[in-house]
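Given next, in structure tokens, is a single chain: the form predicted alone.
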């Protein structure tokens, strides 16, 4: 069952035909696993490629950068929501009693609503790109809620999922929450217009030490995020730090 059949697009990959064929072997081994579900959930590393593990280490690296920072974590472009769950569990590991470290995710859950002329169309950069399953927000909320209730301070809700076009939802959210401070803003939308709207919305809520991570920063195939950042943060003092685990990713730290 392919993503193209289910969601109207095929995920882009730079893998060779040989690598793709080898990956199909992993899929087959996963489908044919003789492992009970309860034991699978504590042995997921059996099926995790090094690139997927690097992504988890990268998210952990981002969290470590804000351990001494006040503020919430926001993610623009949650897709299936793995990062939101990782942030929830990393909070439980590093600072279990920090109830002010809320995690807020933004996504349409219906794919891209529009593509601007400042973006470069592709198999995924198109209307409907990165669409997920119907009613997925409700499922994701239940999943995050499970993890939160499995951790310390279970009675206090510390997450929020905001659905809709980010060009509208981000300005509305931060206008309503004027007192919020942002420790980490994680961008994974790739597009110019939603990235620009979100960057402008969060800018007044950043403080010295706040961290931004643009997943497609300095990526020639996805120029929208970089263009939006350069326009919005022109004249702002910041420094950059390259990731140890995903060396094409950069953290932007506000001075």
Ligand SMILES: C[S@@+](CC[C@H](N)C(=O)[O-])C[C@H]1O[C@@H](n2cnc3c(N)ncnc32)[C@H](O)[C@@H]1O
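Residue numbers count along the first chain shown, from 1. Values in this document were obtained by computation on a predicted structure and should not be read as measured data.
From this point on, the text means the form predicted in complex with this ligand, which you will not see here.
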Listed range touching this ligand, judged in the predicted bound form by heavy atoms within 4.5 Å, from 143-151, 78-86, 94-102, 172-180: 78-86
With the distance limit set at 4.5 angstroms and only heavy atoms considered, check whether 55, 112 and 130 all reach this ligand in the predicted bound form. yes
To verify the annotation, which of these, 63, 217, 192, 186, has a non-hydrogen atom within 4.5 Å of this ligand in the predicted bound form? 186
So, in the predicted bound form, is residue 160 in contact with this ligand at a 4.5 angstroms heavy atom limit? no
Is there a heavy atom of residue 166 lying 4.5 Å or less from a heavy atom of this ligand in the predicted bound form? yes
